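The chain that follows stands alone, in the form predicted on its own, written as C-alpha cells.
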Amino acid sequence: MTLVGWVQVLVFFALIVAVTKPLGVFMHRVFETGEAPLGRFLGRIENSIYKLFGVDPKREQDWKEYCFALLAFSALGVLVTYGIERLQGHLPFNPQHFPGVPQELAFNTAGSFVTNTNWQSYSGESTMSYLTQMAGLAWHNFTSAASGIAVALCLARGFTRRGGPAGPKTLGNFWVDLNRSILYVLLPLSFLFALVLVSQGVIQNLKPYLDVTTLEGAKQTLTLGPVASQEAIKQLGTNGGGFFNANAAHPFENPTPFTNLISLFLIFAIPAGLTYTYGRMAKDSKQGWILFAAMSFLFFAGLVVCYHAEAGGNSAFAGLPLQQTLGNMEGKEARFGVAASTLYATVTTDASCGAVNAMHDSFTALGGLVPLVNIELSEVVFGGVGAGLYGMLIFVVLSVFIAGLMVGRTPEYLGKKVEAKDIQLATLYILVFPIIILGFAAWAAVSAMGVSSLNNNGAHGLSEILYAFSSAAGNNGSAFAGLNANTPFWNIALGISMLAGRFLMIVPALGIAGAMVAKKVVAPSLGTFPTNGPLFAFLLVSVILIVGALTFFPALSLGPIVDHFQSLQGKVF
C-alpha cells in the first residue's frame, strides 16, 4: 500500500463528495420542482413524447399503478432485445456478419440488460453486431438506469410526502420519472462524457474490423465500433456491460489512468447525488448525509481490506524465488497497478455496476472476498443508480424498527409510524436476495450441469459459483472469470436470477412506499429516536453488516475464507 495509491483513492472520493450536493440539487429540481435547466428546449421534447404515447404528465399513480407500469415497460424491453439478438443476422449495421444469438444466450442477455445487471456470458466483439450493441444493449443502459431512479423516487416520496390518511395516495408518475431521468440527466451527461472519453482515445466509429501488421510481422485483427457512447452510459447508469470481452481492461475502452478515474467518478456520481436529493425531499439535508456517511464507511472498510490483500501479494507464492514488490499483479493491467485495480473492483461492486478493469478471479482470496461481500450486502453501498437509495431505505426501516424496540415505543421515521406491514415487506425484500443466491448456488454446486463449467476445484470453485449468482441476483454483472457461464444451464439459471433479483425486490419496496405515503405524520417526542445523527448512522451500518454476515457467512466460510487458508499453505486450485 503506497502513498500514491492512497492519493488516487482520496482524489476520487473528493470528486464524489464535491459532486454530491450540486448533482443532488439538480436532480431534485428535475424530479420534484420541474425547473430543470434547459427546460424550455428539452421541455418541448418531453411534452412531445407524452403526446406521442398518450401520457398525461399531471396524472399521478398509486403504488400499484406505478409498479404495473414499471413491470410492463420492462417486459416489453425484454421482448424487444430478445428479438433484436435473434434476428441480428438479418438486420443492418452488422459488418462482421454475425448470425442470430442462440435462444438461451438471447434470453440471458435480454434479462441481464433490462435488470441493469449487464452480465455477459459472451464476448461482445465476436457475438453482437453494432446494431445489437446500440439499439438493444446501450438503449437498455438508459432505460434500466432510469427505471431504478424512478423506483428510488417513488419510495422516497412515500416517506417524505405529508398526505395522511385523508390525503392523496399517489407517488408520482412512472412515465414522467422515466422520461425525465433519461432526458434531463442520463442523456446530457452521457453525451458530455462520451466526448471526453473520445478525446482521451476511446474509439467511436461504425467501421468493420481492421487487419494490421504488427512490428514483428504478424497479422492481428483489431475490433472497432461505437465504444465511447456505450462506455459513458454503462458507467453513469451503473450498468457495466462492456463492448469488449475484456471490459474496462481493454485499451480501446479504458486507455489511460485518466479515463479510469472518469469511469470511477461516473459510477458513484448519481448514487451519491441521490442521497442529497432524498435529503431535499425530506426537507432535512442531514437525512441524506447520514445515508451518504453510512455508504462511505462501508466503501472505505471494503477498500482497505481489498487493497491490503492485493498489495501484500499472493501468499501461495511465499518462499518461492519471486518478487511481489508491486503486489499481486496477476490479472491486472500494468497501466493501472494494484491501487487503481482494487479501487475499481471495490467501486464497481459497491455500485452494482459490473464493469471491471482487472480480473476478480485472479485476486487473492481475501481480495476477491471484498467484491463478493459488497454485492451480498444487498446493493446498498452507494448501489446501482436508484437501487442503492431504495435498498438503503429498506435497511433504514429495519434500523428504525430495532431502535423502536430499544426505546420501548412504536418506531417512527420522518414522523411516520413503522408498523407490522412495513416490517413484513422489508423482511420479504431482505429474504428474496439470499434465497435466490444460496438456492441456485446449492443447486449448481451439486449439479453436473453446474460444475462442468468450472475451471477450478474446491473452495475457489465454490467461490466462482457464489460470485456468479450473487452478481446475477444483485444485478451487478461482474464475474469470477474462471467460470464458463455460456451454457444452457448457466444462461437460463442466471437469467432467472437476474429477473428475480430485480423485480421481486422492487415490488415490496414499492409496497412500502404505498403504505407509508398514506400515514399521518406525528410530532417528534422525547422518545423519538433521531435518524439524522451519527448514532443512527452507526446503527444503520451495524444492521447492514449483521444481516449480511448472518445470511452469507457460512457460505463464505466454505468459499473464499477456506481458499485463503489453503493459500497460506501454498495450495492453489
Partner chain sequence: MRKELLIALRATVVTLLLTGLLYPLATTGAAELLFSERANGSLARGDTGQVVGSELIGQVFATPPYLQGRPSAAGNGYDPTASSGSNLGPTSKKLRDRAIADVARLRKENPDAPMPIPDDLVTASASGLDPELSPEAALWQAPRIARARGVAEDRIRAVIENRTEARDLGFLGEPRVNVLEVNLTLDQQFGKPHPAGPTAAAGTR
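Just so it is clear, the model here is predicted, and its values are computed rather than measured. Numbering follows the first chain given and starts at 1.
Another form, the form predicted in complex with the partner chain, is not on view; read the next lines as being about it.
Asker: Although the partner chain is absent from this view, report whether A232 comes within 4.5 Å of it in the predicted complex, heavy atoms only.
Answerer: A232: contacts the partner chain in the predicted complex.
Asker: Answer for D284 alone: is it within 4.5 Å of the partner chain in the predicted complex, judged on heavy atom distances?
Answerer: Residue-level check for D284: no, no contact with the partner chain.
Asker: Taking the shortest heavy atom distance, is T531 within 4.5 Å of the partner chain in the predicted complex?
Answerer: Taking the distances in the predicted complex, the answer for T531 is no, it never comes within 4.5 Å of the partner chain.
Asker: Whether T487 contacts the partner chain in the predicted complex should be assessed with a 4.5 Å heavy atom distance threshold; does it?
Answerer: Although the partner chain is absent here, T487 would stay clear of it in the predicted complex, with no heavy atoms inside 4.5 Å.
Asker: I need the one stretch from 450 to 458, 292 to 300, 390 to 398, 499 to 507 whose residues put non-hydrogen atoms within 4.5 angstroms of the partner chain in the predicted complex.
Answerer: This holds for exactly one stretch, 450 to 458.
Asker: Considering V418, V185, L377, A246, which brings a non-hydrogen atom within 4.5 Å of the partner chain in the predicted complex?
Answerer: Only one listed residue qualifies here, and that residue is A246.
Asker: Considering M27, A69, A515, A537, which brings a non-hydrogen atom within 4.5 Å of the partner chain in the predicted complex?
Answerer: Flagged contact: A69.
Asker: In the predicted complex, do V7, F73 and H250 all reach within 4.5 Å of the partner chain through at least one heavy atom apiece?
Answerer: The answer is yes; V7, F73 and H250 each reach the partner chain.
Asker: Across 351 to 380, which residues bring a heavy atom to within 4.5 Å of the partner chain in the predicted complex?
Answerer: Stretch hits, in order: N357, A358, M359, D361, S362, F363, T364, A365.
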